[in-house]
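Heads up, the chain below is alone and in the form predicted on its own; it's given as structure tokens.
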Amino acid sequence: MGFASVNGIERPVRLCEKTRAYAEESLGHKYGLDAKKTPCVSLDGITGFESFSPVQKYDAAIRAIAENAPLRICDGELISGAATLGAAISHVVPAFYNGAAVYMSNSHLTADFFSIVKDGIDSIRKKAEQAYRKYKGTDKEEFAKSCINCLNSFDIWHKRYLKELYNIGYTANYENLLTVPYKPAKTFYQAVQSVWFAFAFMRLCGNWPGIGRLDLLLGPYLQNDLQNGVITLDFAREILAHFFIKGCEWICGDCGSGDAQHYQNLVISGVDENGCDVTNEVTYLILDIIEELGISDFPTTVRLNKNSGEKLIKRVAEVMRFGGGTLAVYNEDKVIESMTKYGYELTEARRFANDGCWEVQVPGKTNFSYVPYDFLQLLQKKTLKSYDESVFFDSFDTMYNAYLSDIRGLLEGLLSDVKTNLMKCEDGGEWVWKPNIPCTVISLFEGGCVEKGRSYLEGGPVYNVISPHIGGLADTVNSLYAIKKLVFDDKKIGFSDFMRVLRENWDNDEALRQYALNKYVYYGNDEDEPDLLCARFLSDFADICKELDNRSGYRFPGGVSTFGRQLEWSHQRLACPYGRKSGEVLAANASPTPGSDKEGATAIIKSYCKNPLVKLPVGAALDVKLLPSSVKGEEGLDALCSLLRGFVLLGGFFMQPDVADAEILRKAQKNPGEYQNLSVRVSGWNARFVTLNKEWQDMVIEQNECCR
């Protein structure tokens, strides 16, 4: 029994054989395929369903799920609860009426697991009952009643599990669930079960929540149990490993953009709200499990800072060099600085996690969504009018300012659309959210919703964020830079003639194309001129977002991402001024354009860190591809540790390193059966390489070829 890695290093063995066998069958699609056998529950038999209000329909759907979803108890499982309805994997509430889903579900959030574990769901019920009494007779009564109804459905599902566990004699699981998640957890074992059972119910209802700072939550329980002799470290590792293994229950082996992008991210290490380091035994157990099993379904981001210890950095590097892209890093010094300058209280900023992908938010309190745009297409088709002969600019600054004006128009349009579709201004001038699709299950676990009598999608959370994102950052900057150099600085070609060359897709001027490709040094090579143009561009974008911020009931911070959209965008893009032809798959996130970075990972990081990242409180993701040979042995390990430390000291924000070899990926493409568990970082999520379709595989291979 073994678990694949990209570098040929044999993974360590710490877990018992039964746990490892359980991991192997879970990674091998067993439970995902089982879920697909029962995609949903039916609502067809509910009398009068069509006449129900939207919230009543939702409540009926959640109750039907709780009553009828199959239970799954795996042989020897140490924690119980499972999201067994296959349609939930497709981001819908898995309760169908007349053969179709009634509601979409929710993602890009991190639920409040701290309240669940520390206070228990009974405390949430108490708040719901208080809210119902407070809002009875108002327009908030229906939501408050829905909170109670959904908690009643949770009770039904919980009792079904208790009965089944008792009948089959799973004593430990049964006894834990007699207490949690209703009452506060008292032990590490109970705390893990509490997190998992609540998480499983949210997923069972179709939602994709992130988990956030698991070591901060569980660490004190484990420390107390170890001190009192309640548990051994080895058994704690087994329990936590079962948590990870059960998180693979949606693996189906389907091809597309990957089978592991359900936003169930973890964030570990860093400081707490008081600024104290939280790194603990759970931090290292999580790293142990990722290292041994190669499970990539919980993408895990490590919060590093300038005071992070050598022990932690070395351990992160040891696990990271197995590949798979499962580990990423935040520089929490920069993240916290960015959030506080944006307006978050320091204690809130220190609590940061992510939205289940990588965008920063205050966990358990935030309704987050992002709106990505291809800024390269905006430059090509709007500012430069698809390279029409009528467009002309007499200076770079004139063209650049016209482009900024187009960006402002784009973002003002987004603001207007949101106000029209999501918000309304009441007579007193207060912006409030319009009614949206019901989402009570998630609302129960997001701070502010129950108390306000407003759902997660109707302004209930403490923070409501809609973030416009730059897509195609490097491609846009490289294009601007090439125009600046070719036309205005070096005067190699006139503006109108250059527009003609681009409109013809470089077909009639190969010599100039090669000159543009090879003469100039572009973003990602630690060359000041292009890098500072990128910094100027990002700063101007952030300033526009700031101008538009808080003009209604939500926040409007900018970010940088593509999340793999460069693949779909490639078909709409025109020829690039820096020598690339139309239709090419170009840059990801805040990373250099593939093939334009010539100086290696350190130069990429230096270029990235010149950007005004402090002005982007949501974040800007940097992808760094590393060859296995570059991190091999003690020398390679030291180099990777230095790379991580350098990222922090230079002022980075978020980095997704991935150790992979294009040659191995090509072998996996040809012989997928031999590489079933081979994981790669795609863009904010990990995926088993063989579950990517060929177009996605080719994109990942191209990105890794550029690291040679």
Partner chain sequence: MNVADEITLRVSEIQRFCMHDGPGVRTTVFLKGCPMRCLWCHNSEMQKTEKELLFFKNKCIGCRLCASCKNGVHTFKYGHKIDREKCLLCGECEKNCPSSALLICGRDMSIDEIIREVKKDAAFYGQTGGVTLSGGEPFAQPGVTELLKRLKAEGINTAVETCGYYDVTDAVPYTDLFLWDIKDTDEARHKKNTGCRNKPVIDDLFAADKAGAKIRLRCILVNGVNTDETHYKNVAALMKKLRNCVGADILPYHAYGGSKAELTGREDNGDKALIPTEEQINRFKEMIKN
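It should be emphasised that the depicted structure is a prediction, and the values quoted were computed from it without experimental measurement. Numbering follows the first chain given and starts at 1.
Quick note: we don't show the form predicted in complex with the partner chain, though the next part is all about it.
Trainee: Tell me, yes or no, whether D112 is in contact with the partner chain in the predicted complex, where a contact means a heavy atom of each within 4.5 Å.
Mentor: Result no; D112 lies far from the partner chain in the predicted complex.
Trainee: Does Y515 reach the partner chain in the predicted complex if we count a contact as any heavy atom within 4.5 Å?
Mentor: Output for Y515 is yes: heavy atoms within 4.5 Å of the partner chain.
Trainee: Does any heavy atom of A601 come within 4.5 Å of a heavy atom of the partner chain in the predicted complex?
Mentor: So A601 counts as contacting the partner chain.
Trainee: Using a 4.5 angstroms cut-off on non-hydrogen atoms, would D638 count as touching the partner chain in the predicted complex?
Mentor: Flag for D638 set to yes.
Trainee: Please pick, from I605, L411, A144, L151, the one residue with any non-hydrogen atom lying within 4.5 angstroms of the partner chain in the predicted complex.
Mentor: Spelling it out, the residue with a heavy atom inside the cut-off is I605.
Trainee: Quick one: of V92, L626, A349, A482, which gets a non-hydrogen atom within 4.5 angstroms of the partner chain in the predicted complex?
Mentor: Spelling it out, the residue with a heavy atom inside the cut-off is L626.
Trainee: Does the trio G76, E77 and L162 actually contact the partner chain in the predicted complex, every residue with a heavy atom within 4.5 Å?
Mentor: No: no residue has a heavy atom within 4.5 Å of the partner.
Trainee: Look at the stretches 182-190, 112-120, 523-531, 452-460 and give the one with heavy atoms within 4.5 Å of the partner chain in the predicted complex.
Mentor: Among the candidates, contact is made by 523-531.
Trainee: Quick one: name the residues from 628-665 with any non-hydrogen atom within 4.5 angstroms of the partner chain in the predicted complex.
Mentor: Result: S629, S630, V631, K632, E635, D638, A639, S642, L643, G646, F647, L649, L650.
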